[in-house]
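Listed next as structure tokens is one chain, alone, in the form predicted on its own.
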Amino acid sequence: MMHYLLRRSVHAVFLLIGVSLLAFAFTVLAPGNYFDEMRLNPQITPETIAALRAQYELNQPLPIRYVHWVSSVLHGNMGFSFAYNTPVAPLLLVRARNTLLLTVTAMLLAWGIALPLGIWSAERFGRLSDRLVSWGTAALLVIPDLALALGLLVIAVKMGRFPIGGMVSLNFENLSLAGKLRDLGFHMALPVTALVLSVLPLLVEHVRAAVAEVLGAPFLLAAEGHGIPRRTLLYRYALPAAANPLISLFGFSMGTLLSGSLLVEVVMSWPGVGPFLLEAILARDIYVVIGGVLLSTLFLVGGNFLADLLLYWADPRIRTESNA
């Protein structure tokens, strides 16, 4: 197992290094920088701008700047934000916590709905109820995430039941623990619903296809002939047999939710990585942009790494190959 984990860890490290190199090169080589707009301000002298550029090492060659940035990453700073005049890591970690709260909640809900719905649809494969599920997932697939989020906002405004921005209310600190949880839940309702609806069709279709394929296997037909209850047959035998592609899909769904959450956070004013990254891109705060891209990649790598661990635990063939 240690060899398997080590190999996966090395792959993840090389992936992060490659993403950091590309993000650093594309961001730094893009035309313009944070201090260009200062040239339009007559109150700021060219000498001041030159001193700021020298302070943030913008005059240094690209390889030297990358080495210094890697050193700051190793020290836990991830560079320095021009706009906030502070290390990038503390700024990103606060927003990353909010993004993870949103995406993990949405992922648990999406899988909690997709598994029973996909199994139920696979059991009725080809019937009217199965076709209705397929039509519903197909309809959700063609709706863009942006249109879905905006539609939920319009519904919320007309209903007047859910807050349409932010993470907590203004009087959040004065609420009891139960009141804080309720307030947070109300603020999470819209963005979580948007994320669940965006990823749910993909999960349902994959669960349906994987379970439907397994249901025709000889060992399941034999088990059904021995009088094993249908519910036991589905959840104890069919679902574990179809687990491999679904576990692989778990890591992919994490990436899908993360990419979708950035857009949903911007539209619904959720204080996560999405709005912060958009603000940094518009301001050309390059180290915040690079840190945001690297953090998003780290989330994706973490989801895939967890899926690899689950595959190693669920599939004895992987363990045998790794030991060999």
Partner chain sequence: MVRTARANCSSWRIIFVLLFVLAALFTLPVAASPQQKNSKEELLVLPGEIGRSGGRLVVSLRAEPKTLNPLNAPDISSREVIGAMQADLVHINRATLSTEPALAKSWKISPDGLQYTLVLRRGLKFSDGSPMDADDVQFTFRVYLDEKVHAPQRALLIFDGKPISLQKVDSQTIVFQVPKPYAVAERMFDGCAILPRHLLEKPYKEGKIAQLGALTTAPNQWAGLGPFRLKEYVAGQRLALERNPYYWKTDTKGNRLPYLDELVFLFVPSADAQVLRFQSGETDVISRLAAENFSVLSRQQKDYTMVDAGPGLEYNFLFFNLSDPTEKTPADIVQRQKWFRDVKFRQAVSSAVDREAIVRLVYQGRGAALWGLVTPGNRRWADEKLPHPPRSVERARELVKEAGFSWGAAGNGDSWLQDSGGKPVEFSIITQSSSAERSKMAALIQDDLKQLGMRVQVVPLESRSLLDRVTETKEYDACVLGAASTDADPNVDINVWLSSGGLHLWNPSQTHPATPWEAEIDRLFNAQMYARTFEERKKLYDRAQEILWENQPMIFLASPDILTGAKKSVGNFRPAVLEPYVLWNVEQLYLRNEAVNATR
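The shown structure was predicted, so the numbers you read here are calculated from the model rather than taken from an experiment. Residue numbers count along the first chain shown, from 1. Take the two forms, superpose them, and find the largest set of C-alpha atoms that agree within 1.5 Å; that set is the rigid core.
In what follows, reference is made to the form predicted in complex with its partner chain, a form of this protein that is not presented.
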| item | value |
| --- | --- |
| Non-hydrogen atom within 4.5 angstroms of its partner chain in the predicted complex for each of 17, 25 and 76 | no |
| Proximity to its partner chain in the predicted complex (heavy atom, within 4.5 Å), stretch among 166 to 174, 105 to 113, 217 to 225, 124 to 132 | 166 to 174 |
| Option touching its partner chain, based on a heavy atom within 4.5 Å in the predicted complex, out of 101, 189, 140, 153 | 153 |
| Contact flag, residue 32 vs its partner chain in the predicted complex, heavy atom cut 4.5 Å | yes |
| Close approach of residue 59 to its partner chain in the predicted complex, 4.5 Å, heavy atom | no |
| Interface membership of residue 284, its partner chain in the predicted complex, 4.5 Å heavy atom rule | yes |
| 4.5 Å heavy atom contact, residue 70 to its partner chain in the predicted complex | no |
| Residues from 18 to 41 in contact with its partner chain (non-hydrogen atom within 4.5 Å) in the predicted complex | 31, 32, 33, 34, 36, 37, 38, 39, 40, 41 |
| Is_shifted residue 52 between this form and the one not shown (CA, 2 Å cut-off, rigid core) | yes |
